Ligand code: KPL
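Below, in structure tokens: the form predicted on its own, a single chain.
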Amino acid sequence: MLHILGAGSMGLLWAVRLQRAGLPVRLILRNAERLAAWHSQAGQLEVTDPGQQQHISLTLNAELPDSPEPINFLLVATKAYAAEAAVLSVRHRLSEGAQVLLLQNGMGSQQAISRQLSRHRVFYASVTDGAWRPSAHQLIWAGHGQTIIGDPRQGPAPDWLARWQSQGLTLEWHADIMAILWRKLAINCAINPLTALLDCPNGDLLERAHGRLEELSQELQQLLSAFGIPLSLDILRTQLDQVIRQTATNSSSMRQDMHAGRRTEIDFMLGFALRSADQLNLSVPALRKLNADLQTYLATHGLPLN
């Protein structure tokens, strides 16, 4: 049995992907109220995949964190700020050989969970799929992205990875997952906050925020270099433009959170980048201004602060 902690858009998307691949899946919901709401719809989820012109309906089983069944594999799909507490709520259920896969945006939550689960093998993933929920029991798979998985301790690929791949899941293993996450962090630090501030889809940034993208790219490349991630400014800028164009119609996760009145993951994107720069006394004025502008925007609009 594969347990999925977090039933937001990403958790549900992974539940769908795994169950359709023939793997047993169970959601872990936060509290009895959410479980009752899920059961009120008989666990039914309507999934639309516009790119593949598909619409399916399937049933997903769910339980609470205090269910007595041991957990042998835990996939954590909560928001970054909720991940550590969510994992601690089920840590007592992890079997001795349990393995954990983390799907969080940004960085910081992964390291915190690894410290809490030092006896278990914890994997990190970089996920670029796009998904959103029109309602609690509807899921739109807005964009097929890339999933890269790795071991921060640089251990070998696990046995389950090859099995999942053979069952149709498109996954890639990378020996240096931290380098992958750093590069994704750089992209997220530019796209997410700017789309939130400008309240625009990703594709509008090339025209509306060209100057700020240039400044941010320079500082982010310097930050990556300082932490031993080899990536030239030209390549970073090219990759950033490619992501913006490939996701032109997407609404970033941070913009979606702000529209829904939810807490954003700014502290695990810009916040982590700024704390990392502070460690090396690295000057990053454009990143600091972007963070300050976003915090002001949140406060002015009465949105949750980080």
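Predicted model only: the values in this text are computed from it and were never measured. The first residue of the sequence shown is number 1, and the count goes up from there.
The same protein also exists as the form predicted in complex with ligand KPL; that form is not shown, yet it is the one meant from here on.
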- Message: Can you tell me which of 54-62, 38-46, 250-258, 274-282 lies within 4.5 Å of ligand KPL in the predicted complex, counting heavy atoms only?
- Response: 250-258
- Message: Can you tell me whether Ser217 touches ligand KPL? I mean in the predicted complex, with a 4.5 angstroms heavy atom cut-off.
- Response: no
- Query: Does ligand KPL get within 4.5 angstroms of any non-hydrogen atom of Met107 in the predicted complex?
  - Reply: no
- Query: Is there a non-hydrogen atom of Ile191 within 4.5 angstroms of a non-hydrogen atom of ligand KPL in the predicted complex?
  - Reply: yes
- When you measure heavy atoms, are Lys184, Asn202 and Val243 every one within 4.5 angstroms of ligand KPL in the predicted complex? yes
